[in-house]
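First, one chain by itself in structure tokens, the form predicted on its own.
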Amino acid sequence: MNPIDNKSPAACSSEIDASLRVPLLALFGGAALWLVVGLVLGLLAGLKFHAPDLLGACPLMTYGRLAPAANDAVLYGFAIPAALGVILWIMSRLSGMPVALPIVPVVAANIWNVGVLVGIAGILIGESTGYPWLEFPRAAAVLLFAAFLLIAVSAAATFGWRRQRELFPAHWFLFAALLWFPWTYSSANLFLTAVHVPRGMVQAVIDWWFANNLLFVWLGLAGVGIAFYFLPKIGGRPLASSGYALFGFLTLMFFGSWVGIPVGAPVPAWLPTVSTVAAMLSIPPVIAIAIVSLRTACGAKVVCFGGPFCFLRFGLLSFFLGSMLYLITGCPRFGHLVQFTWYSVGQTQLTLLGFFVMVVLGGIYEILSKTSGLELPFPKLAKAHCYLAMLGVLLYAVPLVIGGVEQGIRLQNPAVPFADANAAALLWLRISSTGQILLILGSLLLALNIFVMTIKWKIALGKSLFAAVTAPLPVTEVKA
């Protein structure tokens, strides 16, 4: 069985949504702001290749600082907290109970935003750790870890106190995601930012392990779990092939965590070999998840015109394409070809923005009006955001992948000068900047909807409180 209508006698949907109203507005509001910041920083970083003198006199605006700040703002500022908000709502709906400890996610959301602010500021002023996807200084990492644990405790408590005892595929993926991130994030920080840091290539191996577990395994678990809840709910039919879903869940965690070591890495030969074998063995779970998604989406009883279902379908298609582009780099010949090119950047952005962010956006637009008790202020802008985001991802990520392959072919030719090989990607970089502009416009539409809705909710809440305070007290008649 799969959840299509998640009503429970223990608590009606309105009670569940009311318990999550403040936590989700706090999580989604901050996430929308960081999404805009991250995409703007990414655009500035990309423009450095078109106009190298742009903001050249400002040390805060160098490419080496802008690029990691942009990536971390999108991942840690938007993707993870927004996904946690959607996971809280899904856990409550599947449990049939209001969220447990509702004040805890509110506190955690504020701690998380402070941590991201400290981390982004640390990167821009030159206090980065230097490890890709782990650039935040130690103070910011501690704040993020504490905030994640608080939200995970609330979600786990809601799951533990559930009245509906049946488990669905969404449970498997999302509960595993709640455990996977604290383990990998804390382990990588303890090894790489502690007092006694290992020397040499061990640092790179640990960072490769962490980046793979974050960008492939964790994003896969959380994103697919969210999609496997909303696909049958919005589509009006059960999730197809639960057996394939279970196979994909188990094998993705087991084999996916071994991937990530580049084929040309200067490490003992067995490490890239094991990574290559694990990459090939990770292809079946990706195909299994794609089969489940395709069978469920094709039979859906919903028309897709820029709504949440469009976000989900595009996100799952990007998951398949991005994962396959990532896993085939485990092949020695192809891995050597694209190793030092823009290919990896395009593949990463296709996974992060095309898959995970799109799936989370679909969840946000589906539950935002339910939790706030208000309709979207600008529903047409939400549809416009869908089309802008899809076109933006295609124009941003795909040209980088194509340009990376072309760049790699030229780098393999000893007759082509190094400068000419790099210049081959310039056209594709210009196209990708166009995609970044479209993504920024879409993120502004999201932020506008969320902030206007938040203001309307606060005004309605203020009126209710004022009416309650100014209401006349009941008069009690005293009998003689």
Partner chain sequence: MKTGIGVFVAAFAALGASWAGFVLAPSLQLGGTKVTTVLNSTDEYPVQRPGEAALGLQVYRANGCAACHTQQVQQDGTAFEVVLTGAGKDPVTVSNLAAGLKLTGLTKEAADAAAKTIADAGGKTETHLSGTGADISRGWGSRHSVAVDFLYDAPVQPGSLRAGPDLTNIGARAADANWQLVHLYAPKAIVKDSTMPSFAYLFEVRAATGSAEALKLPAGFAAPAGFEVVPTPAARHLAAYLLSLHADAPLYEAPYSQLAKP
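Numbering follows the first chain given and starts at 1. Quick caveat, the model's predicted, so the values are computed rather than measured.
The form predicted together with its partner chain exists for this protein as well; it is not shown, and the discussion that follows is about that form.
Chemist: Taking 4.5 Å between heavy atoms as the contact cutoff, choose which of 184, 241, 113, 369 touches its partner chain in the model of the complex.
Modeler: Looking at 184, 241, 113, 369 one by one, just 184 meets the 4.5 Å heavy-atom criterion.
Chemist: Just to confirm, with a 4.5 Å cut-off on non-hydrogen atoms, which of 283, 202, 153, 277 contacts its partner chain in the model of the complex?
Modeler: Of 283, 202, 153, 277, the residue with a heavy atom within 4.5 Å of its partner chain in the model of the complex is 202.
Chemist: Check whether residue 295 has any heavy atom within 4.5 Å of a heavy atom of its partner chain in the model of the complex, and answer yes or no.
Modeler: Outside the cut-off, so no.
Chemist: State yes or no: in the model of the complex, is some non-hydrogen atom of residue 189 no more than 4.5 angstroms from a non-hydrogen atom of its partner chain?
Modeler: No, no contact at 4.5 Å.
Chemist: Does any part of residue 271 reach within 4.5 Å of its partner chain in the model of the complex? Heavy atoms only, please.
Modeler: Output for residue 271 is yes: heavy atoms within 4.5 Å of its partner chain.
Chemist: May I ask you to check whether residue 266 falls inside a 4.5 Å heavy atom distance of its partner chain in the model of the complex?
Modeler: Because a heavy atom of residue 266 falls inside 4.5 Å of its partner chain in the model of the complex, the answer is yes.
Chemist: Look at the stretches 352-360, 233-241, 88-96, 337-345 and give the one with heavy atoms within 4.5 Å of its partner chain in the model of the complex.
Modeler: Of the options, only 337-345 has residues within 4.5 Å of the partner.
Chemist: Within 38-56, which residues come within 4.5 Å of its partner chain in the model of the complex, counting heavy atoms only?
Modeler: The stretch touches the partner through 49, 52, 53, 56.
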